[in-house]
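Before any questions on binding or motion, here is one chain by itself as C-alpha cells, the form predicted on its own.
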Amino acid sequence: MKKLMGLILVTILVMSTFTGCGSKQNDVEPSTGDNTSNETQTKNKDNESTSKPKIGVTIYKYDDNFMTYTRNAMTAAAEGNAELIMNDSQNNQSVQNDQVDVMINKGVQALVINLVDPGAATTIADKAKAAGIPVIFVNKEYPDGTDKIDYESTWYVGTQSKESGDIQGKLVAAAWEEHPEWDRNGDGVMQYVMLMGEPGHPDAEARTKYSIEYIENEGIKTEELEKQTGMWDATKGKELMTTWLGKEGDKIEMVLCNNDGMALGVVEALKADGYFTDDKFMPVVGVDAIPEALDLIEEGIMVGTVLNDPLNQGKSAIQMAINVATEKDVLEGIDSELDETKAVRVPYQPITKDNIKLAKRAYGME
C-alpha cells in the first residue's frame, strides 16, 4: 500500500512539473535566432516596404530608343528609394488613360507621365487632382505650358523645344560652311530632306521649324526637296530615305532628322545605296545623342547630333516624384530651378566628333 501511494505521489509530481514547464514556454516567444519574433519580423518587412513611396509611371512606348534610356534611368534612380509601377502605353492615349486609372486605384503616391499626346495632359491632371495625387510630366510638354494646367501639384521635366532646333541648325550651318564640297551642284543652295517626328509633338514641330530658320539666318540658302514624318522610328526612316534616294538621287545634299532613331534608319538606307564607302558621302544629323548615333559619329558616318539628356530627365522626374510623395520640397536633391512654367529644364548640347566625350559621360559610357 505504501508502495502504491509512493507511486501515485511521484506521478503527481512529474505531471505538475510538465504542466509548469508548459506554462513557462507559452509565456516566452519562440526563438528565431536573432531574438525577434516571427510577428515582429513580419511587421518589420511590412514597414520596410511601405516606407518606400509607390510611384506610377507610364512611358508613351517602350520601343522608342530615347525613352528606353530614360526609362532605364528612372529604374536606376528608384532603386532602394521607391517602388515603381511601370507601364508601356504602346503609343495609345486611351491605353495610357486607363493605366493612370489603374495606378490611382492601386494607391500610388505620385505619377510620372511620359504623354502619348501632349494635349492629353489636362485629362490626366484632372484624374490625379480628383485623387489628390501629384503629377510629374516628363519629356512631352503640354503645349500651353504646365503652369496653365488647372492643378497646382503638377510639374514638368524636359527640354526647351526651340533650343534643340536652334542647336541642330547651328551645327548644320557650321558643318556646311566647313565643307563646301557638300554643295554638289555648286549652286550655293543647300538642298535638303527632313524627317520629322510625331505630328503635333512640340519637339518635332520646333526642331523642324527652328533648325531651318537658324540655317537661313546664317545666310545659307536652302531648298526643301522632301519632308515627311518618320514617327521617330528607324524602320520608317529607312523606308523614307530609300524612297527619296530613288526619287531625288544625288540632288540631296543634307539630311536633317528630328531624332537619332530615324537617323539610324537613314544611314542604313544610304549604306545600301553605296554611301560611306570610298568618297561617296551624305551628311546626316540627328537629335538625342543616343549611344548608337555616337558610334556613327566616331566612325565619321554621321556629322553630329544634339544631346537630349535622358539620364538627367529620368533621374530628375523620379526624384521629384519621390519628393512630393513624401511631402518634401519638389526640388529637394535636384540642382535645378523651376522656370515660370513650373518646369525643370534639362539643357541641350551640340555633339560632334570633337566633343563626343560629353555625350558619352551623360550616358555613363565613360
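These numbers were taken from a predicted model, which means no experiment stands behind them. We number the residues from 1 along the sequence you see.
Only in words, not in the display: the form predicted together with a small molecule, which the text now covers.
Remark: F137 does not count among the residues lining the small molecule in the predicted complex, judged by a heavy atom distance of 4.5 Å or less. When the small molecule is considered in the predicted complex, W155 lies well away from it, no heavy atom lying within 4.5 Å. Contact annotation: W232 falls within 4.5 Å of the small molecule in the predicted complex, judged by heavy atom distances.
For T305, no non-hydrogen atom is located within 4.5 Å of the small molecule in the predicted complex, even though that partner is not displayed. Exactly one of the stretches 137-145, 77-85, 165-173, 94-102 approaches the small molecule in the predicted complex with heavy atoms within 4.5 Å, and it is 137-145.
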